[in-house]
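Quick setup: one chain, the form predicted alone, written in structure tokens, and binding and motion questions come after.
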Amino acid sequence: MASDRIDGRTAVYGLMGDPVEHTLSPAIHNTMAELTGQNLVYLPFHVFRDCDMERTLQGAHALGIRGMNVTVPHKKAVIPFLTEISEEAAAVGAVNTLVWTGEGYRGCNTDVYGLSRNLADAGISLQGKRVILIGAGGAARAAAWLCGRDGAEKLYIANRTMENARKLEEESRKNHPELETKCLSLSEAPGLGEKDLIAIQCTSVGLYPDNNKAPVTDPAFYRQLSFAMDTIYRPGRTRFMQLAEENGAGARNGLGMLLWQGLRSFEIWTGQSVTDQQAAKVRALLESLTACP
């Protein structure tokens, strides 16, 4: 919203994470405030990874913050200090949206919705497909849940730290026992001997300004793919996407995921449904902001 409209009744929302300097979430929510006439403002809050989360939430409430998005590395760490959690967020094991209820913050997960919409926009269905996730954090948890929900045939979880990969493997098998799930190290990913894999990159490797980095660099890995999605949206074309395309796979960045998870959070906070026209305007703004680098 315009700064001259901020007053004593302005509702404050925001994003908590570490880092947050790259975020485009304020563009989503402040634009939606203007489009819908909501008296709210959305700000990024740099909440360090070693923070006291309980005191952080107490401070947020004391300052009157009505809701927050939650990003790396707090999506799981925040859960023990919430008074409520949605059924889907509990199943995923990660929260990305907080809303004040009067008793405390309620945790929801809109990442699953955002990821699902981004894949659908690219014409990708997970039904009967083999999927490999790169990473085992909050975004990977949402992706693993989506794979089970949408009927993927097999799920690989490739991560630098095997302990975290095994934990996500166990969670996936518990949530969706019908989904064949296997964890492996990143170094094993190029040698799977698969084809037509769908890869979803869920780490921060390659995030601006480290544009030339990718979690896997071996071309043999990318030759196994038919499609690759990077949850990173800045830069708009990551090294992970470049490698996928150079080896014959389609690729898409995480801008659509950011858009749709953010718009769903806005709906939760305000009770206001987002129209197709409003979503298109926000998407156009995000695309202009990520055109460079």
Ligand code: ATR
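Everything numeric here is computed off the predicted structure, so don't read it as measured data. We number the residues from 1 along the sequence you see.
Not on display, but discussed next: the form predicted together with the named molecule.
The partner is absent here, but in the predicted bound form a heavy atom of A139, alone among V92, C147, I200, A139, sits within 4.5 Å of the named molecule.
Residue in contact with the named molecule in the predicted bound form (any heavy atom within 4.5 Å), chosen from V72, L192, V99, A77: V72. Residue contact check for S204: one or more of its heavy atoms lie within 4.5 Å of the named molecule in the predicted bound form. Shown alone here, Q127 lies farther than 4.5 Å from the named molecule in the predicted bound form, counting heavy atoms only. Contact check for R223: every heavy atom lies farther than 4.5 Å from the named molecule in the predicted bound form.
Although the partner is absent here, L119 lies well away from the named molecule in the predicted bound form, with no heavy atom inside 4.5 Å. Comparing 192-200, 80-88, 128-136, 170-178 against the named molecule in the predicted bound form, the single stretch with non-hydrogen atoms within 4.5 angstroms of it is 128-136. At a distance of at most 4.5 angstroms from the named molecule in the predicted bound form, none of the three residues N212, R237 and M241 contributes a non-hydrogen atom.
Residues of 145-173 lying near the named molecule in the predicted bound form, listed in sequence order, are N159, R160, T161, N164, the criterion being any heavy atom within 4.5 Å.
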